[in-house]
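Let's start with one chain on its own, the form predicted alone, as structure tokens.
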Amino acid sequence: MMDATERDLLQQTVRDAFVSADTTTSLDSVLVDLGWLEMLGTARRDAVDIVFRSLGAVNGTSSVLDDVVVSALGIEPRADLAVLLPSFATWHAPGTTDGTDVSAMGVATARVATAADLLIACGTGAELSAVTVPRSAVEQRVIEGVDPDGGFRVVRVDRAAIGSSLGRCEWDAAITWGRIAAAHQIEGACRSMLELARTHALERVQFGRVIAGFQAVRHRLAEALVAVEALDATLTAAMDEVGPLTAALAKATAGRTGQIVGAHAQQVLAGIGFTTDHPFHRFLKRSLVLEGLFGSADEIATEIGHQLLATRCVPTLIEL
């Protein structure tokens, strides 16, 4: 684990590199130059925290989520290996098996368009397997929707041979780290949305006063800040005790925070916040897409509720 000085230095380096990258340079290339895979291998917690928070803060598009999920599955990540993620609003293995064949449908980052291979987790319950198929065997379609710049694609594989067995723990770890990464990215986006609204409130004048002086505006900004800081605390706790439940709670909190901050920031920005002339819409749209990745806040909360009712036991998440 890095000490505070190393973390601050890395965070500033990553943020500066993202901001200074021109539009023709992909953030994947920037991260390769910064030694992303080495960071992920030696200091996963700090690497995921810093990189994904920074991606959210600059509304950047990258495929490094693939590396996070692949490494959590216990497989060596590489730049030409993409991974099939669960479809939006789900967190089950995207592949199904039928005898000796595998078919799959899910979501993938933009890496799938150029990667040599696609890694797919298949099966249900404890009977899971991993299969790697060449890109030529994959059907893919860019997801337009609210955030076409996000680079996500719908991917379908009709027939492939079953691969090596995959433990339930590895899949749970992949979902855990995927949720943590997405939650960090949403937090970065929320802080940027809040900063855009704060700046607007300090500059916009109505009735002879800057609107930051109006109590209603101050309340909205304050509630948004409280939500972001609560998410930060939840993520810190999840990183201290990394596990499926803490990651699920962090992802659910991130989803709720995105909704709260997005709504308050849009109200403070007023008319300009509803246009594409202001950058706010890009952060809001990206947070909406990320909210559905690995399950939305409502779906995760419902699943946790079912687990609590089934076990009749409230787990101790963190030793205080």
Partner chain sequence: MEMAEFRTELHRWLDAHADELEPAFSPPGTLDEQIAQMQRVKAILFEADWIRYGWPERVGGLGGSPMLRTELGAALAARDLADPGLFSLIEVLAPTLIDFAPAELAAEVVPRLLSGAEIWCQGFSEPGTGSDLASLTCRAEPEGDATWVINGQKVWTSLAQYSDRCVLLTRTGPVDARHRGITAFFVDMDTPGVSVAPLEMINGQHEFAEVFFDNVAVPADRMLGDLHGGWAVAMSILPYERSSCFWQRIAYLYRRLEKLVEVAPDDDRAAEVIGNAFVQLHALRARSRVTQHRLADGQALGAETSIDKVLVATAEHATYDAARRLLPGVVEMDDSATGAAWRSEYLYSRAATIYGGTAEVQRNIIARRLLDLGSDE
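These numbers come from a predicted model, not from an experiment. Numbering follows the first chain given and starts at 1.
A second form of this protein, the form predicted in complex with the partner chain, is not displayed here; the remarks below concern that form.
Q: Sort through 138-146, 116-124, 77-85, 217-225 and report the only stretch with a non-hydrogen atom within 4.5 Å of the partner chain in the predicted bound form.
A: This holds for exactly one stretch, 217-225.
Q: With heavy atoms only and a cut-off of 4.5 Å, decide whether A212 touches the partner chain in the predicted bound form.
A: A212 belongs to the contact set for the partner chain.
Q: So in the predicted bound form, does any heavy atom of D298 sit within 4.5 Å of the partner chain?
A: Although the partner chain is absent here, D298 would touch it in the predicted bound form, with heavy atoms inside 4.5 Å.
Q: Given that the partner is absent here, does T5 sit within 4.5 Å of the partner chain in the predicted bound form, heavy atoms only?
A: No, no contact at 4.5 Å.
Q: Is there any non-hydrogen atom of T253 lying within 4.5 Å of the partner chain in the predicted bound form?
A: Yes, T253 is a contact residue.
Q: Kindly indicate whether L249, L308 and T316 are, all three, within 4.5 angstroms of the partner chain in the predicted bound form, using heavy atoms.
A: Yes, all three are in contact.
Q: Just to confirm, with a 4.5 Å cut-off on non-hydrogen atoms, which of S129, T97, S192, T234 contacts the partner chain in the predicted bound form?
A: Answer to the contact question: T234.
Q: Just one of L202, V154, A89, V242 has a heavy atom within 4.5 angstroms of the partner chain in the predicted bound form, so which one?
A: Of the listed residues, the single hit is L202.
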